[in-house]
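Take a look at this one chain, the form predicted alone, written out in structure tokens.
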Amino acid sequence: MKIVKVEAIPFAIPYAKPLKFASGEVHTADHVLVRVHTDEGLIGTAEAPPRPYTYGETQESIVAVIGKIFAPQILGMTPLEREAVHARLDRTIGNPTAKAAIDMALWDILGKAAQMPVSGLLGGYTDRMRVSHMVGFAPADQMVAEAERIRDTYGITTFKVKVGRRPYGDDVAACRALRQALGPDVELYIDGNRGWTASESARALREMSDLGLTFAEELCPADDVLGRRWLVAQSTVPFIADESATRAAEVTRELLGGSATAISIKTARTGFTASQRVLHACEGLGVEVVMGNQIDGQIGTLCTVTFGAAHRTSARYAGELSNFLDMTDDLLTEPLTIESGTLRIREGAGLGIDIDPDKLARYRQDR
């Protein structure tokens, strides 16, 4: 079975409500649908979400690098040659979500060829994950109203709260309002997207010390090396490295350097193959992980829950699996559903991604 074609199809679907955070905001899911075709008729599918404010990729750059560089390099190879595929992709630096989408599409092909779900091939630990919902910047009362609606509608009881605004006291007040409204049994953790300095982060954490936070993520830039280490050393909650530790080598560096004590794994940037390397590195070092979200649509979310549910360590905490709720539509023929605060993997061979051709025709941007 050989790879004979790789498609990179740009599409755009508006968000009903934009997500705002310290490093940017998103109004439209201008993603890229990636399809890898084989000579036996099997097609692997995944999604690449450009995040220029985090990784430098744009929709146009993803389409270009796949079409002009990556596809010609892997045509004629087999989906089993994942290491050889990555060796060729890694000749080009950067472009993490483009590489990740190709990787996950290859796993989709392998699952279909074996007539097994990809989650089973990866590890098969469980068939679902608890869901964490991301609450973006808004006035405190609106953030509370959103969290209450999500809890009451979907049964979600874990919330990731975006922080990093100035003055930092506004975010402290919002987190306090959320805790007071949602009660002690709901899990809260914060994500600063590098918006504060180390000293602002330390003051904010002290003022929120009574809120029972589960994690704190990327409160200040990792490039503030000594400040970040100083902050992490005094934090009483696990400090998650996200965009500062996207590869196994970076994970090792940040953890051993004292700049983080937990790691966010995002299949949108490391696919399944490199995500396993990150996960196993974390297990070997004895640190916790969470399954993060790249503001994914339903395709990306399905990939995240597939990987997260496959492994014991990644299934321990709620995964960030609900951002697609803010989109006005999606490409799947069968939409994902969150029930009782959980999201299940798809049964059947591969990833279970079935694209609606009419929706793709409506939202694609290359025609």
Ligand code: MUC
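For every residue, the number given is its place in the sequence shown, counted from 1. Because the structure is a prediction, the values reported are computed rather than measured.
Heads up, the form predicted in complex with the named molecule isn't pictured, but that's what we're talking about next.
> For this chain shown on its own, do 160, 193 and 295 all sit within 4.5 Å of the named molecule in the model of the complex, going by heavy atoms?
Contact check passed for all of 160, 193 and 295.
> Does the named molecule come within 4.5 Å of any heavy atom of residue 171 in the model of the complex?
It does not: once the named molecule is placed as it appears in the model of the complex, residue 171 has no heavy atom within 4.5 Å of it.
> Does residue 61 make contact with the named molecule in the model of the complex, using a 4.5 Å heavy atom cut-off?
Residue 61: no contact with the named molecule in the model of the complex.
> So in the model of the complex, is the named molecule close enough to residue 320 to count as touching (4.5 Å, heavy atoms)?
Close contact exists here: in the model of the complex, residue 320 approaches the named molecule to within 4.5 Å, heavy atoms only.
> Would residue 21 count as a contact of the named molecule in the model of the complex, using a 4.5 angstroms cut-off between non-hydrogen atoms?
Contact with the named molecule, yes.
> Quick one: find which of 306-314, 326-334, 29-37, 52-60 has residues within 4.5 Å of the named molecule in the model of the complex by heavy atom distance.
Only one stretch passes the 4.5 Å heavy-atom test: 52-60.
> Could you tell me which one of 266, 133, 228, 99 places a heavy atom within 4.5 Å of the named molecule in the model of the complex?
Selected option: 266.
> Please identify the residue among 242, 146, 200, 254 with any heavy atom within 4.5 Å of the named molecule in the model of the complex.
Contact check passes for 242.
> Sequence order please: the residues of 215-234 with a heavy atom within 4.5 Å of the named molecule in the model of the complex.
Heavy-atom contacts to the named molecule in the model of the complex: only 217.
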